[in-house]
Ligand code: WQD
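Below, in structure tokens: the form predicted on its own, a single chain.
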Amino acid sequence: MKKVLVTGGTGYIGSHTIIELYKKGYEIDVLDNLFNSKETVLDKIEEIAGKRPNFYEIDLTDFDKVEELLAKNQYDLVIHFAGLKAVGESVEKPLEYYENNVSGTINLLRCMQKHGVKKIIFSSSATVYGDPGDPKYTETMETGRNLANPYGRTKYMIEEILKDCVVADKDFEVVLLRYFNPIGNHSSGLIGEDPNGIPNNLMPIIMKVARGEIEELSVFGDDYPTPDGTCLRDYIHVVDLAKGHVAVIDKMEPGVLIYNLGSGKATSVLEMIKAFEAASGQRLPYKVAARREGDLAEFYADPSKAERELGWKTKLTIEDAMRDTLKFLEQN
């Protein structure tokens, strides 16, 4: 396998995955609409990897442009990251999320089908599990019930669409990678999470508070049934996550493969704040705010299937992520 199309490749996880793909000798094209990323990321990728992917500024909702790209290039594999991803925003703008994430994916799949591209790795999410009643999430758990927001529902819908595509075409190869909470960045400090606007995830908010761009961090609830009262989540270094995408490629086969990519450990919001303070020597101002609708007290991955079948497990720690984040803050 040689040529890979990475949708959303200038984004946070996509850019780190491209670095790992280049280490394995793949040729890469990037499709991105730059809605929540910057084209300058390609310069940073080139600086790190010594190679620069071909870049196409295309929105997946533009069927004709997607079709034109796949007509001109023969791809062996698509890694599909492109999509809107802010949970709160999805509640306010559900139609935008369904159009962008679901309709965009359908356009991509129609074009893949037309041009004989039979392999796709989908950037899914632990949100597809909803609230299964057990904080340790395994791939065999039921998905799609008690989903708290349109963002999570789009991920679930896309997973179901991909499963249906496999039923319709027995040669189609699908991997669903369910992420937990990516943090950190490349050790060079050149690429990292730098979303446009007000971020939704904890680490970019910590970064903006550290920079003075946001006055203080809001901790949503300190009365959960957890050791310090704040929510517990599974945080995974983005470089480990990127390596998970590469690890699965050689395992692909007709049908659907599903893997959790997480650390298997739960860390609280307050522990994350303290870890940043310890790494930076900087106090991080925060206030306790009301709980957010739909937030669970605790969940984390059971990543044993990925370790067993792919030989993949996380190697980088929360402390590594904080060190790398500080380097990114210094350089950007």
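Everything numeric here is computed off the predicted structure, so don't read it as measured data. All residue numbers refer to positions in the sequence shown, first residue = 1.
Below, we turn to the form predicted in complex with this ligand, even though it does not appear here.
Stretch-level contact analysis of 91-99, 177-185, 74-82, 245-253 against this ligand in the predicted complex, using heavy atoms and a 4.5 Å limit, identifies 177-185. Contact with this ligand in the predicted complex, defined as a heavy atom within 4.5 Å, holds for exactly one of Y151, F122, F172, Y137, namely Y151. A heavy atom within 4.5 Å of this ligand in the predicted complex is found for one listed residue only; from L162, C111, L190, L202, this is L202.
Interface residue remark: F276 is not counted as part of the site for this ligand in the predicted complex, having no heavy atom within 4.5 Å. The closest non-hydrogen atom of Y235 lies within 4.5 Å of this ligand in the predicted complex. Within 4.5 Å of any heavy atom of this ligand in the predicted complex lies no heavy atom of E57.
In the predicted complex, this ligand lies within 4.5 Å of some heavy atom of L217. Within 4.5 angstroms of this ligand in the predicted complex, the stretch 77-109 places a non-hydrogen atom from V87 alone.
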